[in-house]
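A lone chain, given as structure tokens: the form predicted on its own.
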Amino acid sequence: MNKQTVQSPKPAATAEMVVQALSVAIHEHRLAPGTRLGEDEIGEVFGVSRTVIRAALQSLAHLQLVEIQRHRGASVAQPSLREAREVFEARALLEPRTARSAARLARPDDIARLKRHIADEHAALAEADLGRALRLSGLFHIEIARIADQATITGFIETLIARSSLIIALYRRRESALCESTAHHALVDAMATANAARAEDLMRNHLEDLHSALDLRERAAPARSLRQALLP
């Protein structure tokens, strides 16, 4: 008698899983700013209830990746021109000093991790996956803040990086709005030699370059199907 193979049921997605999937799709620009996030459609994609979806959207709103409006529902956030300027001004105040601190504290395993991170960025660019490269670039900056061992500032930088991803999606005018590979290499080299002053200067110049790559004029975000953005 042949035994039939019984497959275990696929575990239901949790709110945390939905948050992660939507967050990655937003950071990789598969979900453009302004995209409506319908509860029914998301629930169908993930096979979960509206209660789970609402919890996930509230979490994303807390991270400032999603805007929820009464009677209009949720959509991917669309930072204004004023917000775009303020975000990069805030990054220019925080991140150079954070890079200085990280250069003083970085250990060999920190440097190795940053180098692996750069390799992942290069792989994404080689595959013409600009969205993934952008997300990895943001994570690189967050990792530097973590190396600096400044938990409160790291939290601020994580929020600013999330807003930066949306800003770049809306206002990018050239691909150099992606972090230049040479800029990240130079930062890691400065940190590897504990050159705190150089790390600070490099981060400041790097952020100025990113800011200058933005076209701060209002323009409509391209429409994209929610299902297309979330399903492989």
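Predicted model, so just to flag it, every value in this text is computed and none were measured. The numbering used is simple: start at 1 and walk along the sequence shown.
The next section is about a form of this same protein that is not shown, the form predicted together with the DNA.
The contact residue chosen from L187, L60, A169, L37 relative to the DNA in the predicted complex is L37, the criterion being a non-hydrogen atom within 4.5 angstroms. Taking R204, R30, R198, R54 one by one, only a single residue has any non-hydrogen atom within 4.5 Å of the DNA in the predicted complex, and it is R54. The DNA is not drawn, but in the predicted complex it has a heavy atom within 4.5 Å of R50. Although the partner is absent here, R72 is a contact residue: one of its heavy atoms lies within 4.5 angstroms of the DNA in the predicted complex. Stretch 39-47 is the answer when you ask which of 22-30, 188-196, 161-169, 39-47 has residues with heavy atoms within 4.5 Å of the DNA in the predicted complex.
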